[in-house]
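In structure tokens, one chain follows: the form predicted on its own.
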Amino acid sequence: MSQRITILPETLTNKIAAGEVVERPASVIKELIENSLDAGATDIAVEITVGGRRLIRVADNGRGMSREDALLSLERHATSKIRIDSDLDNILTLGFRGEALPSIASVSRFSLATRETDASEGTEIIVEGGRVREVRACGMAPGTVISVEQIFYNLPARLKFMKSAETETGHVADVIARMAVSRPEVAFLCTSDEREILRLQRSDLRRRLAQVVGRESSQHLYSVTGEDDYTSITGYVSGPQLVRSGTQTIYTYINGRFIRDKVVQHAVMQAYRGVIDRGRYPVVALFIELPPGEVDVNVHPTKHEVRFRRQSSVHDAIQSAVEAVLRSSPWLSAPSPLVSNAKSGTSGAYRERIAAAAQASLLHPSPSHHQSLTSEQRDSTPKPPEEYPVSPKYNGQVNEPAPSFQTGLSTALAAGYFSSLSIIGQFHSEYILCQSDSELVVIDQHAASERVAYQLLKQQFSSGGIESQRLLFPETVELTFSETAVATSFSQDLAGTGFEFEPFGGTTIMVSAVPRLVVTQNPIALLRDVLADLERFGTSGAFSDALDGLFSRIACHSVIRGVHPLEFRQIKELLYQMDQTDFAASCPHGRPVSHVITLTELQKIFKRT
């Protein structure tokens, strides 16, 4: 019988490996820069021509290689990073697979020049299509210079999929920016067609971010620090003023390695839930440090994907660290002592009474303005439920606050950002106008009161749980095997959200109670969604997603809506409550609560400057 199975030649296996490692010029540069960083380089220069299609050159001042090591580096699975099996559980370098150089050399005209620091001369190796053509001595500075010309010249099918030179250059710049953020102590230079497109000097992380995302943008970045027994997190996150339409500016690193991980990105976006609009993404640079054995980086040749041994712990640690920064809304201006009339010695008991009064006034606004309407106005205005009166049609006036309330309350409130603002009045009975030094602060009263009510609902849930409603006829639900396992594991947690069920045989459960708040909103579909998220992430984030949606809807319908006049005291109480509320700068749906107009902007409008 004829032999049908053969061993592929090395040149062909290298081309197959190149299909995974070498996607485009940017991936070549990523692999070469990783090798430079592993070699201890502090200066890295990248040069490309025609988007990298014609030439890619990466030069560094790292340790360099001897003649023997340089030749071995072009063999598949030849590496200095690991030696034995156990090294795979303790990887601290960026590269370790030993595939990048032979894969790149197999699909290009390749040259490698390298010299060790104490060597008198360097070594240059010329490779074409994976075959070594020449090895010779050369004079050069210590370090390594790798040139890749005519990439994919021997793979025309792959060459056809390359984009325009401008597009490929953009991908190259993005890769260098990601690598540069991870190593601010390293200088980077990138030139394209002899034109400098990126020059990054050695600096600290904040300055490096300013160089990458822009100096003005870096003013909206806030420091993050978080640590537990398992995970250490540092870096910077942006406020809602600095968002993007894509995930390109979410820089996440595990032990110094840039990654694109769904668990990490989900944790970041969970922390921003209710702070920015859906479909918008923050600027984030997070460095997550874990014991090397707790993360598996040997998942894909590109090394962008990882697996965590304790995925839930990492997810919750990242979310908690980012939330700790966003909770205080650090992008709000610090209160001015000239504006605030608060006394620092306010007693805790009196503050609690003020908070209770504020809560009552927000959930059940005073009807005094409605009662003052004329009979014609009352007859012509559609009447909502009693507790939510509507003001008369806007007549172009700005409502001034009643001065009789000012003295008694202004001395009782804490000097937070919102309560320290000087109240001007209302506009259109929808927006509160305030002054802070030379700034005009416009506050959306519905968004502000919605945030207060939302946080209040969350606090009530954490202290007592959600009220459930028994079903007259329990409903059977068929699940998958994995969903059944998740439902069994998290049955007690789900009971706290109002869902009560028990096994009914096989993969079927019988649901006997659901949250009363969603009894008319397809609670079974909600249960399935929660189980699906738990199966995917295995964290409390699944509960938070479901509950936050419920709380947002309740809060939106429980507070002042549309055109509604407020008394001065109600405005002061609302501003006070905002200072006691986490994530006060946005409503639960991510819309901003306030907007600042500076005096300079107004002067420009009226041509006074």
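None of these values were measured; they are calculated from a predicted model. Note that residue numbering follows the sequence shown and begins at 1.
We do not show the form predicted together with a small molecule, though everything after this point is about it.
**Student:** Of the options P184, G498, P102, G416, which one has a non-hydrogen atom that comes within 4.5 Å of the small molecule in the model of the complex?
**Tutor:** Exactly one listed residue reaches within 4.5 Å, namely P102.
**Student:** Closest heavy atom of A26 to the small molecule in the model of the complex, within 4.5 Å or not?
**Tutor:** Close contact is absent here: in the model of the complex, A26 is far from the small molecule, nothing within 4.5 Å, heavy atoms only.
**Student:** Although the partner isn't part of this model, could you tell me whether T507 comes within 4.5 Å of the small molecule in the model of the complex, counting any heavy atom of the residue?
**Tutor:** Taking the distances in the model of the complex, the answer for T507 is no, it never comes within 4.5 Å of the small molecule.
**Student:** Even though the small molecule is not shown here, does S218 get within 4.5 Å of it in the model of the complex, heavy atoms only?
**Tutor:** Flag for S218 set to no.
**Student:** Is F96 one of the residues lying within 4.5 Å of the small molecule in the model of the complex, judged by heavy atom distances?
**Tutor:** Taking the distances in the model of the complex, the answer for F96 is yes, it comes within 4.5 Å of the small molecule.
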